[in-house]
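Below sits a lone chain in structure tokens, taken as the form predicted alone.
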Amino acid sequence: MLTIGRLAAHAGVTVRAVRHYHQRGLLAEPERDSSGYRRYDAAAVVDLIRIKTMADAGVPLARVDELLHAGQEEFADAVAAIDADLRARIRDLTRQRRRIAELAGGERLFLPADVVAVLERLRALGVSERTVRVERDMWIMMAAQSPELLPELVAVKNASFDDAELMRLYLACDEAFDWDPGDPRLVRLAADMKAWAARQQEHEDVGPDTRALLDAHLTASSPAWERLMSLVAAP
């Protein structure tokens, strides 16, 4: 007869694991002997090895007892079901790993490649990372709210890089981020922006709710930008 420690050693588990299997009702718990110790026979070793083998194979403990007492056909069906569940979990984990890997790509996790390319063009132009992040967040909102418009919006944005005056204004707005809202340069910048806008043709835009959300994001980013937008909107 074996002590709990010897039983655990024979099966390659810890004493704690044996007690856990007792608590789960997977391994029969023998009566104590006259010395107050539990003694285990060879059948307990076999049962414990079977429990450990199934647990190591990924069988949920909640199903181990079922398999211990199943017939051959029932056992095969149960194992097939467990295998299908494991394969589904593996697929889920594989998808999660891909998503984790995409995190290394930063913006690529949230935005399509053509929008990420726009942000890279802004960086190459010399736009600060702070302003690029503001624009990135706006693209995320547009992609979520108006995905059907995204290709045209990207095309318009890419075409704007060929407009030297617009790029000058964009860089000026980037610089104005930290200006005091009362800075007189904002008045001149707003006048230049209005003059440029007056020369442009209408193009597809997001809906009014999304536009309001985008404008709110801009004004919340910088007090100077909030002042600049009010000047541009003024008649």
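From 1 onward, residues are counted along the sequence shown. Not measured: the values here are computed from a predicted model. The term rigid core refers to the most C-alpha atoms you can superpose between the two forms while keeping them within 1.5 Å.
Beyond the structure shown, there is the form predicted together with the DNA, which is absent from this document and is the topic of what follows.
(message) Looking at 205 to 213, 33 to 41, 164 to 172, 188 to 196, which stretch has residues with any non-hydrogen atom within 4.5 Å of the DNA in the predicted complex?
(response) One stretch meets the cut-off, namely 33 to 41.
(request) Work out which of 28, 70, 61, 57 lies within 4.5 Å of the DNA in the predicted complex, going by heavy atoms. (result) Result of the distance check: 61.
(message) Please tell me whether any heavy atom belonging to residue 217 falls inside 4.5 Å of a heavy atom of the DNA, as the geometry stands in the predicted complex.
(response) Residue 217 lies outside the contact set for the DNA.
(message) in the predicted complex, is there a heavy atom of the DNA that lies within 4.5 Å of any heavy atom of residue 21, even though the partner is absent here?
(response) Result yes; residue 21 sits at the interface with the DNA in the predicted complex.
(message) Against the DNA in the predicted complex, would residue 4 count as a contact residue? Criterion: heavy atoms within 4.5 Å.
(response) Yes, contact at 4.5 Å.
(request) Please check if residue 17 has a heavy atom lying within 4.5 Å of any heavy atom of the DNA in the predicted complex. (result) Contact with the DNA, yes.
(message) Core superposed first: is there a CA shift of 2 Å or greater at residue 12 between this form and the one not shown?
(response) For residue 12, whose C-alpha is compared between this form and the one not shown after core superposition, the shift is 2 Å or more.
(message) So that I can tell if residue 23 moves, could you say whether its C-alpha shifts by at least 2 Å between this form and the one not shown after the core superposition?
(response) It does, since the residue 23 C-alpha is displaced 2 Å or more between this form and the one not shown after the core fit.
(message) Following rigid core alignment, is the displacement of the residue 54 C-alpha between this form and the one not shown equal to or greater than 2 angstroms?
(response) The answer is yes; the displacement is at least 2 Å.
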